[in-house]
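One chain follows as structure tokens, the form predicted on its own.
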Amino acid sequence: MIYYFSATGNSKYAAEKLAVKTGDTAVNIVDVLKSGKTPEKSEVTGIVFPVYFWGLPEIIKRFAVKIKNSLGGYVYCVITCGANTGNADKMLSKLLGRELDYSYSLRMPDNYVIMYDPCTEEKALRFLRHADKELDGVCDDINRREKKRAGSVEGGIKSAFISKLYDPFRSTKKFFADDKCTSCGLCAARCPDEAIVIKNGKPEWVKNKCQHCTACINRCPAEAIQFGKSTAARGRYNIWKIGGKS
């Protein structure tokens, strides 16, 4: 079984490619957690997710605790990133209570609009074409049950310090919907934390923290969701916007 967490489509894209080429099934981690059910044990367990602040998204930390007793004999992760994944795989191993057999750092289009301008469509498509080639090799490795990891000394240093900034940065205080909002409600429907509710036709953030996955910003059809003053002038990215299929 392949479990994935994806807000703008990158990790879903990777997980579904892996599933096709390894004869496996891709399952959304958000759906697993919301179901309250214990994941089924299978021969192979794959976990695909984006790196946040050179560490783990909060939802991956919760999921790791839930699945640790249902892991297969061969366990791997593919971590999507804009640069590198640091020691996110080691962090995952610690929570799972066992070493990963295989980990891979997969470069995908940048999307963290809160801090920088996401990839242009042209650049994003180049990233995806390259990722497709890399995923072919990853699938071959997994089918052969190869054992290797993706971390680096430089990435490990970044993980040790920068990952600690993630939790305090997860505040929802600066999120808001501007006048372009059409009251479609998609931001609330897509939020993995259920941190958004629609009141009087407008989204309101009702939890103090969220994943900061940027699904609400990057997938708003009207580009109406903002975070503070900086995002209004920035582009938006999601894999469906550029024609990527997942």
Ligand SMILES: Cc1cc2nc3c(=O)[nH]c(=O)nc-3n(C[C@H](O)[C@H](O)[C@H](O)COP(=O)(O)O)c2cc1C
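This is a predicted model, so every value here is computed, not measured. Numbering starts at 1 and follows the sequence shown.
This protein has a second form, the form predicted in complex with the named molecule, left out of what is shown; the following refers to that one.
Contact check for Gly46: every heavy atom lies farther than 4.5 Å from the named molecule in the model of the complex. The named molecule in the model of the complex is not approached by Glu134, whose heavy atoms all lie more than 4.5 angstroms from it. Contact check for Ile157: every heavy atom lies farther than 4.5 Å from the named molecule in the model of the complex. Contact check for Asp110: a non-hydrogen atom falls within 4.5 Å of the named molecule in the model of the complex. Partner contact region in the model of the complex: 110-118, out of 124-132, 110-118, 138-146, 68-76, criterion any non-hydrogen atom within 4.5 Å of the named molecule. Scanning 39-55 for heavy atoms within 4.5 Å of the named molecule in the model of the complex gives Pro50, Val51, Tyr52, Phe53, Trp54 in sequence order.
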